[in-house]
Structure formats: C-alpha cells, structure tokens
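Same chain, two versions here, written out as structure tokens and called structure 1 and structure 2.
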Structure 1
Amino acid sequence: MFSIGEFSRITTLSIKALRLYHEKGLLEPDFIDMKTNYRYYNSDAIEKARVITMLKQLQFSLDDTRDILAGYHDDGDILDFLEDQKSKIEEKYLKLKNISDSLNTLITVEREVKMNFAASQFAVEEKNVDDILVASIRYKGKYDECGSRFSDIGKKFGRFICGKAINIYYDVEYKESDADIESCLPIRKGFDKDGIVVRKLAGGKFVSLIHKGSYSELSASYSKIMDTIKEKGYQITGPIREQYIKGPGMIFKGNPKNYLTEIQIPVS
C-alpha cells in the first residue's frame, strides 16, 4: 500500500485534492489508520485516480465525475466501465438533442404566432348578430371531429347552404375527448333529416375577433377577446361560437397561416 504522500506523487494529485475526493466519495482510500488517521491506497486506485484527473481536464465537475464513476465498484478493467458510461452519455445526449430540436420548433412556432398576432389588422369589436336558420348536429367528442359533421350536413343540405360553418361550444372548460359541441351550417330552408336538426340560431349582442392563423394558435386571440370582455364589465350570456371564414377544404387543406376564424362570444 502507498501512503497518501506516496500516492500523491504517483498520481500527481495533491494531498488536499485527495482528501477532497475522499470527502466527495470519488476516491476513497483502501485503509485508514485509526490511530494516526493516515490514508493508504493500493495500486488499483491509481487507475481510478488517472481517470478522475482526465475527467477534470475535460472540465467535468466533481458532481459529474462522481456520477460517471458511481457504478465502478470493483478492480476490473476501468476501460470497459468507461466505454459503458460513454454509451450511456451518448444515449442521454441523443435524448437531450431531441428535446433541443423540439424546443427549437416550439420557439419558431411561438415567434410566428407573436409576429402574426402583432401584425394582425383585426381588432376586437362589438356587433349585433342576426338570427339565422342552421342545420346542426350536436354531439360529444373531440374538437377535430367537426369536419366529418360538417361533411354530413353538407351531403344532406348542400344546395341550401348559404353561409360559413359554425361550431358552438357548450362547455365552460376545455375537454379532451367528450366536449359538448354543436356543428352548424347556415341554410336557406330545410327540415330535420337523418339526425340533423334544423333550427333557428339566435342572434344578439356579441363581442367578436377574427383570428388569422392555425387553430392551434387560437389561444392568443381568446386571451385578447376575454381581456376585452373583462375590461368592459360584460357578462357572457351563452356558449362561445367559432365561425370558419377561411379554413381547410374537403380536398385541399390550404395553408393554416391563412385560415380565418371569427370567435363570437354573446354578452350583455
């Protein structure tokens, strides 16, 4: 065994550093004399000390070094151990890179949302909406199911349709799978048919805002219109509507950046 001084000379680690590494659990002596408190190391510790020195030169912190060496407990070939640790680090790197790429995408999208919102010529406005006749299907499901409902209505009332598609949301909160939705298309005339109800959709006083952009970016516009309602002290008197002025067609989806959606909230 080597005394701490001898081990210090062999490994080119100062005694102060060796004591610190002992305290941090990085490099523990093989024997401590209980009378003198002297530390002693055997030859197997030299290899580990060399690895600690190399990791330090590579700018690894003591905590990182301890984590890397956490699984090394025997006196086997440290090269095999380091190769295993390298594989684990590379695996973590790939995961972090995927996270980084996802964050870059999110940052790009959020920048576009802010730029589009700032450049939008549309403002919150108050208006009176007339009663209209609609053919509608009310259901509970996911928000993206409305396309098939509009299609069903279109097949039955195609030549009588006279306006843009409307969704009415009866829930106060957002729901992932069982949202209470009514999908409507304005029509000139018609009667109930195959589960599709023809009814008068009441008008009244609404606060509205036209949103330009994809449906996934609607939250910014909702925040703006809700802020206006609160600032003016209005009370919401019914379910929120979205009218799709410009959106995806049945065949061509178009560019979501150019979609136009009018948010309509009834107030008093």
Structure 2
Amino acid sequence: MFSIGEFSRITTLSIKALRLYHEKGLLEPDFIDMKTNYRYYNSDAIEKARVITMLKQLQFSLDDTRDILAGYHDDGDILDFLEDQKSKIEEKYLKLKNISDSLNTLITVEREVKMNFAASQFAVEEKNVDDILVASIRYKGKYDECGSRFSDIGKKFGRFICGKAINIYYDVEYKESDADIESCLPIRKGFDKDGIVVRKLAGGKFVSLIHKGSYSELSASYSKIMDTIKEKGYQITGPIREQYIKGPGMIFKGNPKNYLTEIQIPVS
C-alpha cells in the first residue's frame, strides 16, 4: 500500500492529477481511510497508472481513458478508439501544418521586403530581367479589380507562387475604367487552370524605378522614369509592368507611405 505521495513518485503522475483521476473514476485508490480520507493505492494500480500515462501521451481525453480502462484489456480491442484518435490528431496536425506554412510565407515575404527596402535607392535603374513563369488573368476593367484577380490566382496556385504580384498594362494611355490589364503571379511551375493562363513573361532590357508611397502618387514616379527614357533616347518596346514589392500586408493594411511598387518599362 502506497500513500498518494509515494504513488505519485512511482507513477510520475502529480498528486493533483491522481486526485482528479480518483474523482473522475479513472483510477480509484484501493483503500480510503474512513476517518482521515487518506488515499492508499496498491501495486495493481501501478500497471493501471502506466496505461493511463500511455493513453495520456496519445492525448486521449480522460473520458475516453476511463471508458477504455473500464472495458478493455488488450491493445487489439481498442483499435476503433485508436483509429478515431488518429483521425482527430491527424486533423489537428494538418491544421497546424497549414498555419505553420502560412506563417512561413508571411515571414519570408516580410523579410524580403525589408531587404528590398534596405537595398533600394529609389532611383531610375537599367537592368536585364529574366523570363518569368507566371499564372495570369487578362481582363478589361478597373485598376482596383486586380486585388480579387490576384486572390483568385493565389487560391489556385498557392503553393507554387514564388514572387511578388505583377500587373501589365496594355493600354497606351491611362484609362480609368475598361483598362486592359493582365494580373500575374510568378510561379515555380503549373498549367492552365480554370481560366488562368500559365505563360512566360519575356525578359530583356528594362528601365525600372521603385516608387515609395501610396499608389495614388505613382504619377510622379512615372514622370521621372519617362524623363529618363526620353533623355537617354530609348524606345519603349512593350507594355509597362508594375510589380508590387510591398502593398497591404496579409494581416495589417500597413501604411501606404511605405508601400513599394516597382515600375518596369521594356526598352531598347
């Protein structure tokens, strides 16, 4: 016969837990002193406590544990319980996996943004851009519809996205509505799906400028980049792109003053 303290040391279950298990009917002391209410356990209870510990490690609830202890004595007989528990646990861990992935994406994106922010000079640059594989939707409409297009693409290609969103403007002049826009997300690989086209954006020589601030102030940066192009005597050879390095975040909308947008104009 062991007092609760001794039994606690033997089983590595806390005294509090032992009292709870007694109350819940999982593990009853062999003998209770009527006068003092002291609990005394015998050595049979050690084996039972071991089983409880195992089931606890497998995260069975106390209720399940009680039922299992009461009705079964062989691993093979609790297969149904085990399978139930497995599917519950599996569900939970898949959920956590998703959350972990989301957090990872967020962290990676924000880290990149910081790097970009630190490195950028906010000056007009010339650079050679590689071909980019993208999933894209081309549509006619308003500029601010692109958000829902990006999220459509995001839903279908989520795991394969590997870069920041790009809009390509096919109109020569600015159009408030009925603009001809292609919204693209860079992807690692993929195929046409549900009206979303997978294609390669041709690289080449580009003049680019990172614009810092709200989208409504983009025109100033456009003037600046166009001035440079004229100055250097370049010819524009294709539609203008905007790449959204930092816009509203996943969690916070953020401060538009810190948004970063890269204007990319193909030239020769």
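Rigid core: the largest C-alpha set superposing within 1.5 Å between the two forms. Predicted, not measured: the structure shown is a model, and the values here were computed from it. For numbering, take structure 1's sequence and count from 1.
By the stated condition, namely the form predicted in complex with the DNA, the second structure is the one that fits. Once both forms are fitted on their rigid core, the CA atom of Glu90 lies 2 Å or more apart between structure 1 and structure 2. Thr53: CA moves 2 Å or more between structure 1 and structure 2 after rigid-core fitting. Taking 2 Å as the criterion, Thr65 counts as shifted between structure 1 and structure 2: its C-alpha moves by at least this amount when the rigid core is aligned. Superposing the two forms on their core, we find that the Cα atom of Leu18 is displaced by 110.2 Å between structure 1 and structure 2.
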